[in-house]
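Have a look below at one chain only, the form predicted alone, in C-alpha cells format.
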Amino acid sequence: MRSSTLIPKPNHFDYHKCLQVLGDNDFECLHFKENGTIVKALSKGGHPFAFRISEENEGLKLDLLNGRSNYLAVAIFYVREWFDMDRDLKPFYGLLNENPKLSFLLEHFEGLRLMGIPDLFEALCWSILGQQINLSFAAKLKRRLVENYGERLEVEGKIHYLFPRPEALAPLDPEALRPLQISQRKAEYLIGISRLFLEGKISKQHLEGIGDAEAVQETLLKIRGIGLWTANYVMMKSLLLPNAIPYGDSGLNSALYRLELTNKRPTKEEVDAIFEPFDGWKSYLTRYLWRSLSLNT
C-alpha cells in the first residue's frame, strides 16, 4: 500500500541547499538523488522499505514506495532528524550577522541544515573509515562495505542499500575486510564497535541520556578507534549536539585558512577562540565553514 504525507518546512529551510550536500561524491550508496528527489531505504523490525522525498509547496512530500503504511511514521521521524527540521536557526543567523568575516555565510547558505547521520552505528563506522584519508577514498570504502555486508532492496527497478548492522560485522575476522582495502587497524575498530553494540555497551539512547556533552565525549573516547576528531564528528552528525567541533579536520582547517582566520594548522586553542562567540552553534558553524569550500574565491 502506498502512503504519503507532507512534512511542513520550518523557517530558514532550503531543501535544495540541503540536497546539494547529500552525496557530493560519485560513491554515495545509501540514498539516490534524481531531479530534486531523494530515495532512501530504511528498516523497521527487520523489514526493509524505501521512501521518496520531494519538495511540494510549503513542505517535504514523503512517499512510501513499498511496505506497510505504518512504516510512514518511521520515515517521518528519520527525515526530521536527518534534515534537523526541529531547530530554529534564527539565533545562529543573528550571530553570523554580527561577525564581519563570517556574515557572508548567511548570504550563500541560508536555509542549509546540519544534515546529520541519524544511525549512530553508521556514523561511527563512517567516521572511522574516514580517518586520515581523503573523502573520495573514504566514500569508496563505505560503498564496498555496504555492498558486501548491507541489506539490499529493489524498488522501481533500482537497488537500494542499507548500512550493515552490527550483527553483520561483529562475527568477522579483520582479514575479511582487507580485500575491500580497509586497513587492518580500521577493520579491528569496526568489528570491535560492532561487538560493543551487540553487547549493549554502546547505544544512541545511552549517549543521549548522559546529557552532558563533555561526559558524552569522554564516553566515546574510551572506545578503541575513537579519537577527538571522531568523537566530535559523531556528536555533531548523529547526536546533533550544538557545540561539537571536529578538531583537526582538514576541511575545517582549510576553510579557516581561506578566510584568513588562522594558520593552516591551527591548534585546538586557536580553533576554540574562533568558535567562542558561537556558543550553542559551533556544530552549525562547522557545517557552514565546510560548505564555504564550495565557493570560488
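Since the model is a prediction, treat every value here as computed from it, not as a measurement. In case it trips you up, residue 1 is the first one in the sequence shown, and so on.
The same protein has a further form, the form predicted together with the DNA, not shown here; the description that follows concerns it.
S.K.: Please identify the residue among L89, M85, I223, A170 with any heavy atom within 4.5 Å of the DNA in the predicted complex.
M.R.: Looking at the other structure, the residue within range turns out to be I223.
S.K.: Just one of K101, R178, H108, H206 has a heavy atom within 4.5 angstroms of the DNA in the predicted complex, so which one?
M.R.: The option sitting close enough to the partner is R178.
S.K.: Choose one stretch from 64 to 72, 37 to 45, 255 to 263, 229 to 237: the one whose residues place a heavy atom within 4.5 angstroms of the DNA in the predicted complex.
M.R.: Careful reading of the contacts points to 229 to 237.
S.K.: Taking 4.5 angstroms as the cut-off for heavy atoms, does T267 touch the DNA in the predicted complex?
M.R.: Residue-level check for T267: no, no contact with the DNA.
S.K.: Mark Q131 yes when one of its heavy atoms lies within 4.5 Å of a heavy atom of the DNA in the predicted complex, and no otherwise.
M.R.: Contact with the DNA, yes.
S.K.: So, in the predicted complex, is R152 in contact with the DNA at a 4.5 angstroms heavy atom limit?
M.R.: Contact with the DNA, no.
S.K.: Report yes if any heavy atom of G251 sits within 4.5 Å of a heavy atom of the DNA in the predicted complex; otherwise report no.
M.R.: Flag for G251 set to yes.
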